[in-house]
Ligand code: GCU
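Just the one chain here, laid out as structure tokens, in the form predicted on its own.
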Amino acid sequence: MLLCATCLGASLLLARPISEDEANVPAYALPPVLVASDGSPVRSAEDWVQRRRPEVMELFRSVVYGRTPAPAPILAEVVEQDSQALGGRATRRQVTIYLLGRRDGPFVDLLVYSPNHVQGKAPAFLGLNFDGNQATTADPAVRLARTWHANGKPGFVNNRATEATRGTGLDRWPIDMILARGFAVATAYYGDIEPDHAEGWKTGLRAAMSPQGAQTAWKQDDWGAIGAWSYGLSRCLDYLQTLPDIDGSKVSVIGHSRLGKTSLWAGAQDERFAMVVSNDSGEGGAALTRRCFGESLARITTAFPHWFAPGYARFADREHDLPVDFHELIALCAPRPCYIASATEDKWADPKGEFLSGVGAGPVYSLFGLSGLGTETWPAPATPVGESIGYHLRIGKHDITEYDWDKYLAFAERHLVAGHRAQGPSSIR
């Protein structure tokens, strides 16, 4: 059984004890985001784009997530389509995307709903899910996930989804609300791309793209599962950009927990994503690793070594030697809008550290004449803040909820929907 990052935290014995006490946060200095590797300052958007941004990207490739190979042409086959899905509210497409352009290679099953009431092209949210497309909706026409899943959750038998898994993730995917707000929604099971366990790469995308296949001996800067899942998101975007009812220039990438790390890395690498959303992504995602609060670099690379480049583990218990920190990952999204969210009971993901990453990315947004969070004071729960960088601290546990989605939709409406007029106070508190 695979457990979430939160569940395993206390079970691993590491050199440095895990702390969720602000009094134990060490003194730290973040790598200066606007100082180039030669020590010279970065003073303009052009200088960031042409000089500093490539340096930061190279650091994340070389020491954190690894190097993503050049994309292969995809082959997309629509296996089912219904223009009157969900009682006529949406057009449903179920599409198999062959990630290497051939039917005998890795694939991902993409589920797409487009709102029928929108005239012209709708903006969209794209994200990976944890349990299969059938778990995100009560729609009985959605196909069951076909690839490996960890046993342990109800409805998964012999590492496969059964009918009992339908609709079990409805609370994380409020599809009716997303459609009613005028957005399309597209999702795919992350395990299609690569099964989420230490040996999963051998039957996933990474082995398929390696000349050595399942015999690959990974180098320090080779890509991990987060890189593979991010690659899959970009290939899903390739397909969405071909659809006549979706605006491919207004697709927001979204993810929760480990898939929030994935959405950030996908958004950093693929600037076609118009907006980037990280929900409770924590260590190796939005949180500052130098704070050494909650889940640590040592712990995450012990429990989930396959998520990252092998060389990332070299910085266990010596985060201050890491040449980057994760405010720079947020900065890689600039000037596109980026939203970071935390939860009050999710100390393992370091909510304050996630907020401070947004603060640290602000100077890059300023180069583009944009306001980031607009504050350096960590806001109270249920008090969203920010302009081009958004943030909220939801009351509750490690999860993604309708409250979170309401804020993401409002942020996307503000930034991506032409002629949008600000709504009154949200009914979701």
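These figures come from a predicted structure and were not determined experimentally. Numbers for residues come from their place in the sequence shown, where the first is 1.
Unshown form predicted in complex with this ligand; subsequent notes refer to it.
The stretch from 318 to 326, 108 to 116, 336 to 344, 302 to 310 that comes within 4.5 Å of this ligand in the model of the complex, counting heavy atoms only, is 302 to 310. Taking the partner from elsewhere, residue 295 is found to have a heavy atom lying within 4.5 Å of this ligand in the model of the complex. When contacts are judged by a 4.5 Å heavy atom cut-off, residue 258 counts as touching this ligand in the model of the complex. Interface membership of residue 281, defined by any non-hydrogen atom within 4.5 Å of this ligand in the model of the complex, is confirmed.
Residue contact check for residue 239: none of its heavy atoms lie within 4.5 Å of this ligand in the model of the complex. A heavy atom within 4.5 Å of this ligand in the model of the complex is found for exactly one of 156, 130, 273, 223: 130. The contact residue chosen from 348, 125, 231, 201 relative to this ligand in the model of the complex is 348, the criterion being a non-hydrogen atom within 4.5 angstroms. Shown without its partner, the chain has 398 as the single residue in segment 394 to 413 with a non-hydrogen atom within 4.5 angstroms of this ligand in the model of the complex.
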